[in-house]
Ligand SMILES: Cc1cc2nc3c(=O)[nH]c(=O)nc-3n(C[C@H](O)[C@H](O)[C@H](O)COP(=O)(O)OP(=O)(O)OC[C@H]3O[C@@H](n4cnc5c(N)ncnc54)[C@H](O)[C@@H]3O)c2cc1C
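Next up is one chain by itself, shown in structure tokens, the form predicted alone.
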Amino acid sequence: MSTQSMIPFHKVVIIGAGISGLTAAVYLQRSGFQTLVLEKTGGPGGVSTSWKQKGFTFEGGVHWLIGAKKEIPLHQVWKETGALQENNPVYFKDPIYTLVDGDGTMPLFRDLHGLETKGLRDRIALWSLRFHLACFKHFHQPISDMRGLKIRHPKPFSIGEYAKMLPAALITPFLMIRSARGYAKRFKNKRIRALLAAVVEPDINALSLIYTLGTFQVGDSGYPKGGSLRMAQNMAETFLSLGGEIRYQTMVEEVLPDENGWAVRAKGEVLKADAVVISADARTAIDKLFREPLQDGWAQKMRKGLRTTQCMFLGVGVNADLSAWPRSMQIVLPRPLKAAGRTYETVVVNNYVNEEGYAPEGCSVITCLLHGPTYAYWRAAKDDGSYQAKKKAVMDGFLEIMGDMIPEIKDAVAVTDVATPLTYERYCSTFEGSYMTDWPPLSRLYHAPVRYRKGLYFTGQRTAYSGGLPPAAQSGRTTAQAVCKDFDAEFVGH
């Protein structure tokens, strides 16, 4: 009898085929659980996905992948789940961003080369930045195992690893009380300030800025070929190859207790299971997926304290070759862009001209995320019937300014697409259409528990850190371990 056949089989239903749901699914299926994934849309990935319009591909998810470097512990999770394979090798761009303004261009390299400026104040600020990055040189998100878990391939986290990360822990309080914008203001040079503002959302805490810059400096954070969708498809195919099942176009309407476990109602059918894993947005789930909204203390805190990160996504397919322009640009606009009641003086534009298959030959794709809390604006526009007109106005304003900054775009636009927070809400059921939890200075993150009770679990961005692909993968793995522990099954990583 094989080792696999000796593992007890329990049926698990996972709600959502995003990165966290697929991570949990792969690990649970490999650990002997017959696993079914229910996904409301027609494909995998959740908010980390891309889509095609008239031959152009719009990347709506990953811009860089932490754990792309083989030496980073998270890399093994991406390999174990099938996210990274031979079909999506990673490209490590350098410079990270290039500033484009009235004075020309200025690159931000991984090693910060070229940021040396005149003046004592900026020399001190640059020294401080290099010092903080040095403190994070050995920092990484730990991949550890749950206590008391039966596990075939344990990942012990040594005291030596903790010791190497101690410098990062010591400066974390200093970074947590400052915003990324406030940290950048330490530089007198406005061009350096603008470059640093491109790395993370300026209003979140400076810890996120230093941690992200640190991943670039150690040679991590690359872009996998095929982007978000290829990663998600790889994970889904890995799960299916292990004998799992995915039902697309299947929206779960309710999670309900069953005499022998739990059950979900989807498309009028009740599916019973030993365990249910909610990979859908936990903030939405606590109000929408149960007959009575959950009233536990953590749920009440999430309702009161959760702050969301929202954006408008702009995608443009261009019948022109933009290979002369940088891969990722922080553009200082010649005049402000007004969109959804907000004003933008700079925008980050990603240029996918060199990505194979993203555009027809000789053509290009650019995308832009306009961050800000615009959900209420777009909800009101939907209610009063002005939604489509206002979406068009945002794109028209963007193209008018981009045409002045990037002349090749003028009269060459082939296709455009605008996604608002309502788009994210419609497709992914995310609360307020957010793609992650906001983490400003001095704020607390309100998490859903991985294990709500035996047989019912949460995973995803609302259970760990503030959001993004690394917490999604980590939470999926942790949730799979919690299920294994509850049902006395051996956790099999690879």
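Counting begins at 1, following the sequence as shown. Computed from a predicted model, the values in this text were never measured in an experiment.
The same protein also has a form predicted together with the ligand, omitted here; what follows describes it.
- For the marked spot (28, 264 and 487), a heavy atom within 4.5 Å of the ligand in the predicted bound form is absent from each of the three residues.
- Although the partner is absent here, residue 448 sits far enough away that none of its heavy atoms falls within 4.5 Å of the ligand in the predicted bound form.
- The closest non-hydrogen atom of residue 280 lies within 4.5 Å of the ligand in the predicted bound form.
- In the predicted bound form, the ligand lies farther than 4.5 Å from every heavy atom of residue 479.
- In the predicted bound form, at least one heavy atom of residue 424 sits within 4.5 Å of the ligand.
- The partner is absent here; in the predicted bound form, the one residue of 273, 365, 289, 195 having a heavy atom within 4.5 Å of the ligand is 289.
- Shown without its partner, this chain lists 134, 251, 389, 324 as candidates; in the predicted bound form, only 251 has a non-hydrogen atom within 4.5 angstroms of the ligand.
- Residues are counted as partner-facing when one of their heavy atoms sits within 4.5 Å of the ligand in the predicted bound form; in 34-49 these are 38, 39, 40, 41, 45, 46, 47, 48, in sequence order.
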